[in-house]
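Given next, in structure tokens, is a single chain: the form predicted alone.
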Amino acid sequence: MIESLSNPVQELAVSGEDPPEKYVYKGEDGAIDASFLVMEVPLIDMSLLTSSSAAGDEELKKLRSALAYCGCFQGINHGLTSSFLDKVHEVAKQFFALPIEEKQIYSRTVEDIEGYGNDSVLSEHQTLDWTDRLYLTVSPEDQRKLGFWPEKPRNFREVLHEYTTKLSLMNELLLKAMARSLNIEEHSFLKQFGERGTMTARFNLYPPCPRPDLILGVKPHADGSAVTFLLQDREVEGLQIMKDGQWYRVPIVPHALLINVGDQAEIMSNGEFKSPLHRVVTNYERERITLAVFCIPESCIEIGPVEELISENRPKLYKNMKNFVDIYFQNYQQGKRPIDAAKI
């Protein structure tokens, strides 16, 4: 850690001043542009993934194809009602709308990534993201640091608990479906995930940005999770995915969950599934609020390519390793792809 905590981006946004140079993105992966082509992200009916019918088999084929093609899909018929997802959006919006002094009660410390504020600054050359976030460990429940969990709005804790409890079940269902789609034993990925896998929630606020042509909400990265569930903003786009060297916009599908695999699923699947490189662009006029929930294998369990997915035709592509998340954060803030450290 090389500096004290940065000011909230919300404050920079209302100051009317030019953003500091450290927010200007200097990557070589093309222009920052919100008007790229839209990616046709596959729709998956999650209610069919447990079905032994012909329709269920068809949906498993679609799931395998989606995760091999772009690493993500729009999950529909997931069992969460529209009114409940609206409630999740609402508590996020109400928290970020609190006066700064009230939010700062939950500020992270320099030693901790959890809490309200900005991401850790690990290098003086690091480009900062145009976002304020609230980052919380949700499970295992005995790992929760409730001092960072807002008590305003009043129902924040209850709504987050209910939402992530349902996502935990969905994560299990999905890891089994992913294994079945590859014709391997359905607990193959779950065994590596462990019984005490970590679930973290990241509430993101992207305030209006005076220079969306120069500044990103989140710089390009792939997730260090096995599975990530994203509840998109209901109205404002911003997520982009890299495919074949080109950035594509990800559309909003009302009340769908955008679900992507992370680096750990790519490793476990021996590269059958692709952890997508993605970034967030900013908006000159409108704020954007999202909630990402990351499902991360238990750190003490070794992950690696499932044995049945290694063959003469498809040799082992990744090393076996424990605690991938530590490697992930060291590489990510230096602008490197963490999964490269796992390649053989």
Ligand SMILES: O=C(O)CCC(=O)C(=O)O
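Since this is a predicted model, take the numbers as computed values, not measurements. Start at 1 with the first residue shown and count on from there.
The same protein also exists as the form predicted in complex with this ligand; that form is not shown, yet it is the one meant from here on.
Contact annotation: of the candidates Leu182, Leu230, Ala256, Met199, the single residue with a non-hydrogen atom within 4.5 angstroms of this ligand in the predicted complex is Leu230. Proximity to this ligand in the predicted complex, defined as a heavy atom within 4.5 Å, singles out one entry of Thr137, Asn204, Ser120, Ser188, which is Asn204. Highlighted residues Lys274, Leu309 and Leu317: none comes within 4.5 Å of this ligand in the predicted complex, counting any heavy atom. Contact with this ligand, judged by heavy atoms within 4.5 Å in the predicted complex, is confined among 44-52, 57-65, 309-317, 291-299 to 291-299. Contact annotation: Lys103 falls outside 4.5 Å of this ligand in the predicted complex, judged by heavy atom distances. A residue is said to contact a partner when one of its heavy atoms sits within 4.5 Å of a partner heavy atom; Val280 meets this definition for this ligand in the predicted complex. Interface membership of Asp223, defined by any non-hydrogen atom within 4.5 Å of this ligand in the predicted complex, is confirmed. This ligand is not shown here, and in the predicted complex it never comes within 4.5 Å of any heavy atom of Val261.
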